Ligand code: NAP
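Take a look at this one chain, the form predicted alone, written out in structure tokens.
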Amino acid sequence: MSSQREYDVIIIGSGPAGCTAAIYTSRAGLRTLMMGGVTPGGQLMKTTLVENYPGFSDGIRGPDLMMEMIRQAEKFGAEIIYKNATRVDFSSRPLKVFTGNEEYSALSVIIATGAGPKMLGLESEQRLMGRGVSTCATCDAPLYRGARNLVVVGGGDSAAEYALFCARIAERVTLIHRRDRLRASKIMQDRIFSEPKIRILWNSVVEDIIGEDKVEGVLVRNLVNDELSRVDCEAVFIAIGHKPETEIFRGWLEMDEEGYIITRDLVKTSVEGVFAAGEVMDKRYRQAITSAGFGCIAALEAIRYVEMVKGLR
């Protein structure tokens, strides 16, 4: 293996956790590789205005924030490749990470692969993905400008943001939520309830998505009275939560039943020298700022570990 592929630390992921870790490790003089993935930047690349990240009193666009983080990591010398890690081998030292047939090794690995969107599990959902079904309203809703109705499924902050975004584009937005109250933060709920274009179907689930070649509507079941109804729409945006992107680490690291990496001392995994940060291990807070904080902690632990391995401590 060529020396160019040997590092002090490899960071897998390029969201707030991964970028923050890369800033810290590269600034500390560690030879750092960040595997940014084919779609770098994490979930914030799919958001519009981020209002609760410290330092931006007027807010900042999610993609702008992430590109600044990536540039900052590069400034301190982090090497970034825009490829997905496809498998790992933590059975020996140095630790190995693969992208296809390419092998990279490091003394320490920081896992910051984040989480991906959960799906409804419908055949029609998969068939119509990209044809009116989407998991990113801020990405795809502009395609339906002037639509009579757009459907958003979910009840958290992401669903609320999607509904408000759609309300700027469509004549009406239908928010479908399986419970009788939203999980979104109070400020987001206040905005939802004050937007006249948004109507909420409470205690309801999507049973099917209607349409052959494109979305024409959704079949909705009321969980209280079990009644079925059709809601016509041009697109459906799914925002029902996320699942951790940890599949390639199964069998190597201890995880819970949902696939979240189990950590001790905040970021230490079950394998020495391997640390986890952000939404791969945090299912409680799930904020950009907390992910960045975990990325900082993981980096500091990795720095300490690498220096120990090298005999510098």
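The numbering used is simple: start at 1 and walk along the sequence shown. Bear in mind the structure is a predicted one, so any value in this text is a computation, not a measurement.
In what follows, reference is made to the form predicted together with the named molecule, a form of this protein that is not presented.
Partner contact region in the predicted bound form: 281 to 289, out of 27 to 35, 261 to 269, 62 to 70, 281 to 289, criterion any non-hydrogen atom within 4.5 Å of the named molecule. With the partner omitted from this view, the residue of Val88, Leu120, Val231, Ile198 that lies near the named molecule in the predicted bound form is Leu120 [heavy atom within 4.5 Å]. In terms of contact with the named molecule in the predicted bound form, the residue from Val220, Met188, Ala147, Ala115 that brings a heavy atom within 4.5 Å is Met188. Shown alone here, Arg172 lies farther than 4.5 Å from the named molecule in the predicted bound form, counting heavy atoms only. Asp157 belongs to the set of residues with a heavy atom inside 4.5 Å of the named molecule in the predicted bound form. Although the partner is absent here, Gly241 lies within 4.5 Å of the named molecule in the predicted bound form, judged by heavy atoms. In the predicted bound form, the named molecule lies within 4.5 Å of some heavy atom of Arg178.
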